[in-house]
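Next comes just one chain, in structure tokens: the form predicted alone.
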């Protein structure tokens, strides 16, 4: 759905916030018709908070570590009153599998942290929530309350690998150690799995003979800094929609997948690497 005014973007970070900086730079330079309305973090030491404050963006911290530590006790504290364990179990696509008591405690503890996150976000109306190195898995409790049936979805993430290969926390490292000749990054909408949501955009680059893991990570970040603002711009221009597709496979099998369709529109000017 087109946004007639500047897209209101909320950002969550856990660390240095270089992708946040790329977004802030794209906004400042007029390459991205958006404004960042808040930056939240799961720890007070995240450097991304400093980047936000330097740009005059409101910030907040939700202390995940402290909240999750409460659930290490027996018995754990009660989850938020509007949390349904049955609903979260039915929607999640994480491991361990449903029925494992570890999963129940995981879902309840994260919902407690996410309830505080939602409360901290409430004063800042937003159109799109961007995860810029936010190192926390989001549960159906949070995702459903942010999306609320929106199409396209309202939560976007960037991953340091060419999904669906190498999900998880160390995409560049996994790519490099596997001996791949090509690496890359992916921007996708967030769903109930780990890095499984519909893909919006990708950038790839060769791994040259003699490249170190640090060189691969450095190259990858430069591609991330270009890709993320471009994908957010597509969202701001109302050029993204999701489509449920069914593929007939050999042997009578059928694969159903939600994909992102990019609606034709004006060309997006290229943006150089940010610092």
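Note that the structure is a prediction, hence the values are computed from the model and not measured. Residue numbers count along the first chain shown, from 1.
Although not depicted, the form predicted in complex with a small molecule is the subject of the following passage.
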All three of 16, 132 and 135 touching the small molecule in the model of the complex at 4.5 Å, heavy atom to heavy atom? yes
In the model of the complex, segment of 234-242, 52-60, 218-226, 36-44 with a heavy atom within 4.5 Å of the small molecule: 218-226
Examine residue 159 and determine whether its closest non-hydrogen atom to the small molecule in the model of the complex is within 4.5 angstroms. yes
Is there a heavy atom of residue 172 lying 4.5 Å or less from a heavy atom of the small molecule in the model of the complex? yes
Given that the small molecule is not shown alongside this chain, does residue 164 nevertheless sit within 4.5 Å of it in the model of the complex, heavy atom to heavy atom? no
Would you check, heavy atoms only and a 4.5 Å threshold, whether residue 168 touches the small molecule in the model of the complex? yes
